[in-house]
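Quick setup: one chain, the form predicted on its own, written in structure tokens, and binding and motion questions come after.
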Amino acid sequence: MISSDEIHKVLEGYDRKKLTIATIGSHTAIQILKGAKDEGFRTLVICRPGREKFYRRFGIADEILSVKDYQDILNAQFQQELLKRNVILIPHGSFVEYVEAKNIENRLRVPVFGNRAVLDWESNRAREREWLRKAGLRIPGEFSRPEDIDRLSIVKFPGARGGRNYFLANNAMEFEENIKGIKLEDRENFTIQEYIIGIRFYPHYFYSPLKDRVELLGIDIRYETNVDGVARISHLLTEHPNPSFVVAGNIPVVARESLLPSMMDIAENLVNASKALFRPGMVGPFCIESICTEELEFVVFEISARIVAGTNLYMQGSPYSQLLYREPMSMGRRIAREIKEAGKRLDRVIY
């Protein structure tokens, strides 16, 4: 594991007046780059061959570097090129999926915004559940074996894959029938989680160690295929296809005001728990994946400990960001603002 001391030594050699904000070309890259430009930073996007034209058209990437495979980022020579440019990498869902959390933590010597240790707590289901419990949150029940399933459950697979391969099962027989459709190499790790009926809420937060403050910057609902499509015509169907949960887009949400105190309590409890579990704890953007029940209580089933795609809805800010800022404040820009305000104390926001 690369230590924080090693990363902080790298930062000491950086020209603080020529920092470059960079990420890989996917997920929330456009928002991240735009936010960095809004804060006056030089920007760089890393993409696969053929994607260069797409990122050039927006005028938000000062430089584009191409790689055949995103794991090429780990090559010593490529990392050296990034270090020469005083790069600070911003992780997002695709970044974590393609480069992998263990590699970001153990092999990536380029400074990454936030606490890279959090990525393992996010991607490891057992650790994630420990974190949610430590925060005192209400969470769904889980079944350790398919034969224990005694109610409607959702079967999930690891990684930031946007719901790929997820399926529903009421019992062991349905589990075995559905698992047949999953590739053998993807079947090894899965979580069987009680399916909670209610409204999905995905609040986006930012924790600033500089201000010691949790900020609510937006809320979304994920639009998933084909489960959301089936819901619109369910009364017309004589046979229902197996629902799929691949995220295809996001819908903005404004929650009733009486729910907001609970949302903030959940976020602050998660931040406090993180400080006890993996120091210095949560830094920067995160999102809780939750269900609001008919009793208006939140059941939290996952946490995404980095910027999420739902924040792309709010590149000009949200109703919530407007309460804190008198200017358009996306999550991408909020990350850049924290780096800017850290100034010579980048070691407070990069671990």
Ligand code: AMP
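Bear in mind that the values here come from a model prediction, so they are computed numbers and not experimental data. Counting begins at 1, following the sequence as shown.
This next part talks about the form predicted in complex with ligand AMP, which is not shown.
- Only one of 248-256, 112-120, 71-79, 148-156 places residue heavy atoms within 4.5 angstroms of ligand AMP in the predicted complex, namely 148-156.
- Relative to ligand AMP in the predicted complex, residues 133, 136 and 297 are all farther than 4.5 Å at every heavy atom.
- Ligand AMP in the predicted complex is approached by residue 195, whose closest heavy atom lies within 4.5 angstroms of it.
- Not displayed here, ligand AMP is approached by residue 140 to within 4.5 Å at the level of heavy atoms in the predicted complex.
- The closest non-hydrogen atom of residue 98 lies beyond 4.5 Å of ligand AMP in the predicted complex.
- For residue 291, a non-hydrogen atom is located within 4.5 Å of ligand AMP in the predicted complex, even though that partner is not displayed.
- Screening 202, 175, 207, 190 for any heavy atom within 4.5 Å of ligand AMP in the predicted complex leaves a single hit, 202.
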